[in-house]
Structure formats: structure tokens, C-alpha cells
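Let us start with two forms of the same protein chain, each given on its own as C-alpha cells and named structure 1 and structure 2.
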Structure 1
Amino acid sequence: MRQSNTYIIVFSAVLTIILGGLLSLAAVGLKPMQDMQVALDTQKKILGAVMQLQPTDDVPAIYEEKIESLVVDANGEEVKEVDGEPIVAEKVSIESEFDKDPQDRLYPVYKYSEGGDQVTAYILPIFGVGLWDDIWGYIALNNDFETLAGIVLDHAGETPGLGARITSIEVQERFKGKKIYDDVGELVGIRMVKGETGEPSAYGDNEVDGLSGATITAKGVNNMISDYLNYYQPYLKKLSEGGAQASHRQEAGI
């Protein structure tokens, strides 16, 4: 039976409204679950900079036990609220902050403790640009503020088998134990060299093996690490000076 044009238009409109409503309800209903998965993924990456998580690990419980977070500004001062609203480090988008002038950005800091009150590593988010798109990660410094405890790297669209290898454990393991200062105490970061030899012993304290066929992505990683270590330098310097003063007081028995 042939339907009139009016019937077809009304039927299509009603069907669109019903399906649109169902999709909206699904989106609203699933939003808490989506937010929970995003938070869980963030916790995994932060912890992944300093420890190897197992599939059966209770990540939220480990995170709650071992991580203390805060936010600092470009001067290394802690920021507890903005416009009267409290700041939560885990909710600061390093990607959104990247669009601001470095002096105006917020910088999350994650303190990792293996046990007790002593902080054993400081985990810092980093963000930059690779060959095709954004790259980001978390870099962990031991509490000597110069030795890398580990790094986690990720990307939005680097080439599979080439630049995308920055997400591999084998590549990220190369950074462990490397130093961010040179022999004269200048902050130089850690540089992936051009080419790839597969010989870790061939490189100095501030270098790691490169990515063959992915020089631009490697440069992006180098720049990202160097830039963010400089952004966090005022905060790290305060921590280092505070630790030195505490050590002197302890030696003096004060």
C-alpha cells in the first residue's frame, strides 16, 4: 500500500525523535562508566611510570595507597584552588593546558611512595607533538631529582612499527637510570639519538638508543621531555633545596 508524503514525513520525524532520545539516554547513562574508565586508564599510566602492573592488580587500591597528588604553577608554587574551586591534579588536562602559555599553565605532580611516608619518585605528565599528531606520557624522577625511575609514552597517530614504538616496553625501558643533568650540572633532559644501534652501552648518561625510521617522532619525545623538565624545574629545585636543608638540620641535630 502506498503511503502519502505526509505520512512518510511524520513517520520519519517520530522515528528520528525516538532514536535520538534513546541515544541521548544511553550517552547520559554510560557517562559515569566512561569517566570511570578514563580515570582508571590515567591511574594505570601514572603507576606504569614506576611499576609493572599485572592484569589482576586492583589499580584504584594501589593508586590510593601509593600516590599523593598536587598541582603547581610555573613558579613551582602549589596551587590549591582556581576561582574559588579546589584543584584536583587528576582532573587537570595536560592537553588543554598545552594550549596555554607555559607561564599560565597548571602542572600536576604525582608523588609515589613504595611504603611509609618517604616519597621515592615524582611522576610528571608531559605533552608534545610527534610526526603526525600529539604525543604524551609520564616521566618519573627518583627522589634525587636527577635519575629517571621510568617513563610511559603514548601517541595519537604515529606510524605503526615506527614512531608508534614509543609505547613499547622495550623502548621505554631504555630510559630507566638515565640522568637529566650533564657533567657540569646543566639540565639537558634525555635525548633519543638519531638511528638505532641496539647497543645501550654506546650511549652516555643523557642519551638513549633512537628509533630507526622515526627520527621526527624521536625528536618530538626529546623536545617534550626537555620542555617539561624545564617547566617543572622551579618546583624540583624547591624540593631539592628543601631536602638539602633538612639533611643539614639532621646532621646538626636540630
Structure 2
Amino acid sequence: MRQSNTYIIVFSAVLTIILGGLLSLAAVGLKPMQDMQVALDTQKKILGAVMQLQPTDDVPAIYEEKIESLVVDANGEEVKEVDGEPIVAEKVSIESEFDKDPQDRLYPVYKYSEGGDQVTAYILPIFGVGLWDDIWGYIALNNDFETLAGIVLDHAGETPGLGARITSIEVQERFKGKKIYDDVGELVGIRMVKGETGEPSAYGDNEVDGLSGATITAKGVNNMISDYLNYYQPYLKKLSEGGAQASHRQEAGI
């Protein structure tokens, strides 16, 4: 079948309009549902840093009950609004904040309380680069500001079976109970050590088993953890000093 150029152009144009229209309809129609899924996923991640969620759990309800969020700046001061707009911690995109200078970034903090007023853990978002693409996650510090309550990690494009293992529960379990300060009280974060022995007792308080075959991803995780712990340091210092003062006051009976 031989067709003229005009026919081909008109045919292509009509086809493009039909298919394009179909796609934009789908994109607009599904947008609210997708946004909801993204929000739900964020909540799951945040909670996942401190507890194991079951598929049947009502995540939004648990989140509502146990998590309180705020946003701090690089100096550890709480930020309530930017340019007159109130800030919601869950809406702060760590990815776009990552492009700014560390001094200008906003740092969300999620306070987790088991029940009652006492905050049991502080959940901090972290962001960095792996081998192929971005990696990110949430790190949960106990209220001694030293011990890890847990961690969740996620990635955009690490190699399945190698770097992508950072998302597996088995790898994330290794971080639990580790300390972020070394013996002399210096902030060192937690390092994944090159090689993989599968022997948790072989490592010190600041070290965990590495990822065999995924050294660069593991390095990315190490850097991400120590970088962000440093960024959050001013805020955490304030909290621990405040906490110390409060307990002194209690001791003094004030």
C-alpha cells in the first residue's frame, strides 16, 4: 500500500493526539491515588525504622498515634514556616533539599513515642549516593542519642542481589543497637566493613558486616549516615543538654 506524505503526516498527528490524550487522562485521573500511595509509603518507611509493620496494620492510624514531626535547620533551631508558609515535615523532600548547601537545608525530625509523653526514639531521614543512583532511608536513634533503634534503607537503582540488599531486613537488622560515637566520644557513625563474615560478634560498636560484592553501595551508606548525623548534631546536642538539665532539675527537686 503506497500512501502520500500528507496521509502519513495526518495519520501520525491523529494517532499522537489520541494516544497522548489517553495518557494525560490516565495521568490526571490516577494522580490523587498515586500521591496517597507515596504518602503512605513515607509513613511506612518512617515507622519501619523503629518497628516491624505487618501487612495488615493500619499504617496511617499508627503513624497518627505514635509519630510527632517537626523541622529543624542546620543550627538545630526549629523552623515553623518558610516565606509565611507553614512547613509540614512529611512534605519536605529530602531529595531536593540534598541539592542545597547543607547550611540552607531543612531537616525533618520524627519523634516516636511508644505511648505516653516520653519520646522513645528520634527518626531522622538520611540521603546519599550509592553506586548507580541515589540511596536514602531513615535512621532511628534511641533517646540516649547514641544507640541505634533501627534503620531503613532504600535505593533507586542498586544492583539486585548486591547493592540492592540494603533494603533487606536481614541487612538492616545488623544496625540495631550499634553506637554512633566511638570510645573517646567522637561522632563516627556506623560503618559497613568491607567483606562479609556473617558473624555479628566480629565487629565493634561502630561497625557492621559489609555487603560482599557491593562495596561502593556500602560506602555510600556509611557516608550518608555519618554526613546526616553530623548535620543533625546541633539539634541532638540541644536535646541531650535539655534532657540533662531537665533530669538535673528533677534531682534537685525543682
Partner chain sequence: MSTEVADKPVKQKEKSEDLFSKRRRKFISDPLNDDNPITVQVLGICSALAVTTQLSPTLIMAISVVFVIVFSNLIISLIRNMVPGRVRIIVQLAVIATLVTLVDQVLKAYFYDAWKVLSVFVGLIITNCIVMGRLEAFAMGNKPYDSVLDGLGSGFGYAWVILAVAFFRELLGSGAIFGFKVFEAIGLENFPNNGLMVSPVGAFMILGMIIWIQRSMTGYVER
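Along the sequence of structure 1, residues get numbers from 1 upward. Definition used throughout: the rigid core is the maximal C-alpha set that superposes within 1.5 Å between two forms. Quick caveat, the model's predicted, so the values are computed rather than measured.
**Student:** Which depiction, structure 1 or structure 2, is to be taken as the form predicted alone?
**Tutor:** It is the first structure (the form predicted alone) rather than the second.
**Student:** Kindly check if the Cα atom of Ala26 is displaced 2 angstroms or more between structure 1 and structure 2 relative to the superposed rigid core.
**Tutor:** Yes.
**Student:** Taking the rigid core as the frame, does Asn230 move its C-alpha by 2 Å or more between structure 1 and structure 2?
**Tutor:** It does not, since the Asn230 C-alpha is displaced less than 2 Å between structure 1 and structure 2 after the core fit.
**Student:** So with the rigid core superposed, the C-alpha of Thr16 shifts by how many Å between structure 1 and structure 2?
**Tutor:** With the rigid core fitted, the alpha carbon of Thr16 is displaced 4.5 Å between structure 1 and structure 2.
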